[in-house]
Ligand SMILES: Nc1nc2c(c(=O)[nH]1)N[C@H]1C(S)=C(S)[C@@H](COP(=O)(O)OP(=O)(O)OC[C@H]3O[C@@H](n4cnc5c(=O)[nH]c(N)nc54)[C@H](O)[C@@H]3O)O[C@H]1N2
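Next up: a single chain in structure tokens, the form predicted alone.
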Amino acid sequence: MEPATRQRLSFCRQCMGHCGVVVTVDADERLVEIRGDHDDPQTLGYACFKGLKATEGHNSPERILHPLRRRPDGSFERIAAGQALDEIAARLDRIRASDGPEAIAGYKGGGAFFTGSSVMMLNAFLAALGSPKAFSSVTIDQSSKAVAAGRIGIWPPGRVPFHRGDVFLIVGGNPLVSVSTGGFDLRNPAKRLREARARGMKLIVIDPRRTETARAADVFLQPLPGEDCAILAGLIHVILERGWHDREFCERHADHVEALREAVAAFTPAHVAARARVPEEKLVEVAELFAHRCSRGAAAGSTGPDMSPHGNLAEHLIECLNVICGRFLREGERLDNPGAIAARRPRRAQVVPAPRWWERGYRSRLGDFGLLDGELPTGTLADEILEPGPGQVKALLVHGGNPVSAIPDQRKVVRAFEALDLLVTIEPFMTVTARLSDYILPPTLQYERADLPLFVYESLITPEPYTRYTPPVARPPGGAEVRDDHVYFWELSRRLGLRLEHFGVPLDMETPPTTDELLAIAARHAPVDFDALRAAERGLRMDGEPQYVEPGDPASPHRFSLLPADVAAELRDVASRVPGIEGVEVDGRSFRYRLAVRRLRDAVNSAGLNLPSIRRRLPSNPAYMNPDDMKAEGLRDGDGVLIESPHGAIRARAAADPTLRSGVVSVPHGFGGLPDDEDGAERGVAVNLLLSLEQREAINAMPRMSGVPVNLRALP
């Protein structure tokens, strides 16, 4: 007789932590319980609340288990998968014939990124179709990092890694909660930080809130949101003025050092202190600790600077800090993670000149934007749908994302999605995006499919050449008609007569590939064969032959470009826009507060907010304020407030947060329904109603999502 429950090993795919877990299933192989795996060599037993509650998602009565088709009255009806795919393919074919392949677009979200067998399937489908209209959550998150690399240049060996540095500087990131921030060790982040502090590493955090990460900092700078560029320019000013930069590295590998010194001359400690509202001596202390008292270790930005005004410039200045201080691996040093899934290649100690990828190839029909990593900026998606003319987007496929919740100016986004001839989502729950869809195709969930970690960003996940495979460890509910995501793309491609490729390998379009076959293609460059990877229950560290940074070409003329013309212009613009003492004025209106982005421990954006245990902890998203600001406004916890920006207004409930600096309002994103939902207050509120798609960065069309001026007043 089979035991009532069994335990199996796997790993969580809700965020970049990829925590090792022990999964308990019942006799029907349904999920019963998840706990952290204390024998996992990477995450050492850590698992967060949201990851442990994945059982509720798998077994939820709200989970979509059969394909759905929208009726004329807006309700949905069940439809067989084959019929749904036939109808979707026929409608796509008609749009392709009448308007061309550019009329078909796709958007990829977090659910797609954390599905190894189909992480690039939407992009491959659009490429086979001949459409350049690929969008994703990346370009409304931290695409400023790609812009910075494209404008300053690339050092192939990378920065000095977290575990080998004597300092780490974080701008606008809270990895102990978000389990994000490039360069931070995300494998059980609290434990890795404690280990780093124990060996003497110094931590610097710059954030408007004394976050969980900031509480562990040796130096904490708490500015107003939106002043990241001024602070970073001020740090560079101090470092260059006092000669704390790495002269030898700069002379060999960096251009425009003197021009950069002149460009930041106006950003004196006194100037920065006045506009960012930070102590002057604290700014100097940050510069001294990072550049003078410490010699190894990098600076990194996260969503704070990237979603604020001049996010591209902020990331560029962060990289300038790393360059002028020489915080990169040098010739002869070991590459701790030369690649586990990705193909290994020589890494030379020399600069790859600024590639400025977006200046070549396809240009968008609106705004003349180029491609970033093969994608168009999501900040232009609504316009691509609404603006008539050749190339107007008529059909949109959404893979594992919730763009109606994620993209600013929700009313405009809803208007655009409702104007589509066809909207298809691959989605397990009735999100606000799914509610607008013509068809919903339900995927398997993470423990029901075979998988690999997020290998396209593997160097950001672990500092070691480690990866692991998981088989399916649970079954979908009985009678469910769900598919691994890639099946939908393959079936649509076959019906449309397309030749689909997976990581450059053509697929057989007569016989559908298995999930393992697709994962094996992705892992074909790994140092071990796929069977060996599958056999290792807790993954493999690919030690093998060590790889070292190779010498650069002494004759190479290539150098980091610290101050290209467009960066210089942006820096002048920041210097000229000095906010008033009492707030910010926009179109004749004065705004006293600034909105700050915020992530919560128990959810990843909008994912998981519908689960009962998370809903009990996060029933809605309050407007967090400093208690002194609440007192000045005559507010108590739970009081209703109206928050107004230059673009829109939302209603929320005030909540005191003593970790937040005065002058800031922080409202978590991902909550809320559609703009006119009657029950919207019960679900929280969509912060994106305060945000505009008109104020966008050059190059990546990144909308302003933090550092936004707002006013606040009590409601009766």
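The first residue of the shown sequence is 1; numbering continues from there. Please read these numbers as outputs of a predicted model, since none were measured by experiment.
Keep in mind that the form predicted together with the named molecule is not shown, yet the notes after this line are about it.
- Annotation: in the predicted complex, residues Ser137, Gly304 and Val687 each come within 4.5 Å of the named molecule through at least one heavy atom.
- Contact annotation: the named molecule lies within 4.5 Å of heavy atoms from the stretch 138 to 146 in the predicted complex, the single such stretch among 553 to 561, 138 to 146, 640 to 648, 83 to 91.
- For Arg598, a non-hydrogen atom is located within 4.5 Å of the named molecule in the predicted complex, even though that partner is not displayed.
- The named molecule is not shown here, but in the predicted complex it comes within 4.5 Å of a heavy atom of Pro443.
- Taking non-hydrogen atoms only, His316 never approaches the named molecule to within 4.5 angstroms in the predicted complex.
- Contact annotation: Leu460 falls outside 4.5 Å of the named molecule in the predicted complex, judged by heavy atom distances.
- Only one of Ser178, Ser117, Thr467, Thr380 lies close to the named molecule in the predicted complex, with a heavy atom inside 4.5 Å, and it is Ser178.
- Proximity to the named molecule in the predicted complex, defined as a heavy atom within 4.5 Å, singles out one entry of Gln410, Asn626, Asn312, Ser308, which is Ser308.
- Residues of 206 to 227 placing a heavy atom within 4.5 Å of the named molecule in the predicted complex, in sequence order: Ile206, Asp207, Pro208, Arg209, Thr211, Pro225, Gly226.
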